[in-house]
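One chain follows as structure tokens, the form predicted alone.
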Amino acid sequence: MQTLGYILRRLIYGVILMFFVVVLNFILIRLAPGDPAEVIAGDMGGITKELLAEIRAQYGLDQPMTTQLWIYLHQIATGNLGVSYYFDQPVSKLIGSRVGATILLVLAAQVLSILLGVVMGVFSARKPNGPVSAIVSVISTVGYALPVFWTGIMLIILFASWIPVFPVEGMVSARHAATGWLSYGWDVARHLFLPAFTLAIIFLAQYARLSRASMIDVLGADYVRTARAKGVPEMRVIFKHALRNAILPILTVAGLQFGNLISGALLVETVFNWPGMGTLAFDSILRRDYPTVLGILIIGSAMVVVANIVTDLGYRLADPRIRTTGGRR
């Protein structure tokens, strides 16, 4: 019952947070330079005062900002994200066709960065002054310093010109579009590797350094020395006794970094032409497509809120002390 009540409270806080996110983003986008009516009129072949007035009236852009905000909030409350100015389709349909690819990329990068980062940190913590620890520190520093777009471009050059092993564009090859699910899944995995690895590098560096520092502290604890004195195998001491307590800070950082992961994914998608929300956001921003940009921001914010709730639940499962105190930290 405590866990259920905790989830309900977090959901209520999430709804309140989403309200302020929608209002703030709506105001900031409307205050940004540029007029979507001029962009639409330009695509129609000519800009006249009469045409601009007609377009503004059609999309409600001639009304005061407060009226536009009230109408938009009412639409959001009914589950309607509006209609795209440029694509002339429901925003929910546009995002629905792209969000799956973004979630796949984000989850793959998150899992890859956590697994590799934790393994690197654990083995470097066993001998903090050894060569493995030094190598991990160098890799972490370099990985953290590299911008994701630069890393993506370098990987495209490497695997498109020098070592053509992985596809460098899109999500699936045209020749595999109509084949069986096993071949299709393998083709998607091959296309996914480079974008996911590009996105995971910077976060892998953070998790490696964090897990290394956390494991060094935990390995010096009394219960670890007691387990070793009892003859417990070293791998069991590390992965069963020490890692369970050392993983708690990593879970916290993973939840906090999820928003940055989504932001990075939108940039990586543009570099690799991955058919997710990133390319849609890029096109929508250039064309001043307010409803689509707002819809992407709302979905991205909702994903971050859900990820934080899941992270908190994972934290409670990993640390029984939190459950016994009713979620108070």
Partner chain sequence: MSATQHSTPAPDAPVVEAVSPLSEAFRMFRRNRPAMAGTVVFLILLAIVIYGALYGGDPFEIVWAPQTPPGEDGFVFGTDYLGRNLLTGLLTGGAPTMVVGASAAALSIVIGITIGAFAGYFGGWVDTLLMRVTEFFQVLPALLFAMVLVTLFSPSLLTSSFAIGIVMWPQTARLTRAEFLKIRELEYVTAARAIGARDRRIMWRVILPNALPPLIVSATLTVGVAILFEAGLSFLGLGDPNTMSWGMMIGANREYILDAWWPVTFPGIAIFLTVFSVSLIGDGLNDAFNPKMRER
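Residue numbers count along the first chain shown, from 1. Rigid core: the largest C-alpha set superposing within 1.5 Å between the two forms. Since the structure is predicted, the reported quantities are computational estimates derived from the model, not experimental observations.
Below, we turn to the form predicted in complex with the partner chain, even though it does not appear here.
Judged against the partner chain in the predicted bound form with a 4.5 angstroms heavy atom cut-off, the residues A32, P128 and V293 are in contact without exception.
Checked against the partner chain in the predicted bound form, the candidates V188, I103, I250, L146 yield a single residue with a heavy atom inside 4.5 Å, and that residue is L146. This chain is drawn without the partner chain; in the predicted bound form, the residue among L266, A41, L61, L69 with a heavy atom within 4.5 Å of it is L266.
With the partner left out here, the partner chain still marks one of 77 to 85, 110 to 118, 193 to 201, 134 to 142 in the predicted bound form; by a 4.5 Å heavy atom cut-off that stretch is 134 to 142. Within this chain, Y184 is remote from the site of the partner chain in the predicted bound form, having no heavy atom within 4.5 Å. The partner chain in the predicted bound form comes within 4.5 Å of a heavy atom belonging to L24. None of the heavy atoms of I309 is located within 4.5 Å of the partner chain in the predicted bound form. Contact between P90 and the partner chain in the predicted bound form is not found at the 4.5 Å heavy atom cutoff. Shown here without the partner chain, the chain has R209, R212 in 181 to 212 lying with a heavy atom within 4.5 Å of that partner in the predicted bound form. Once the rigid core is used as the reference frame, the Cα position of A32 differs between this form and the one not shown by 2 Å or more.
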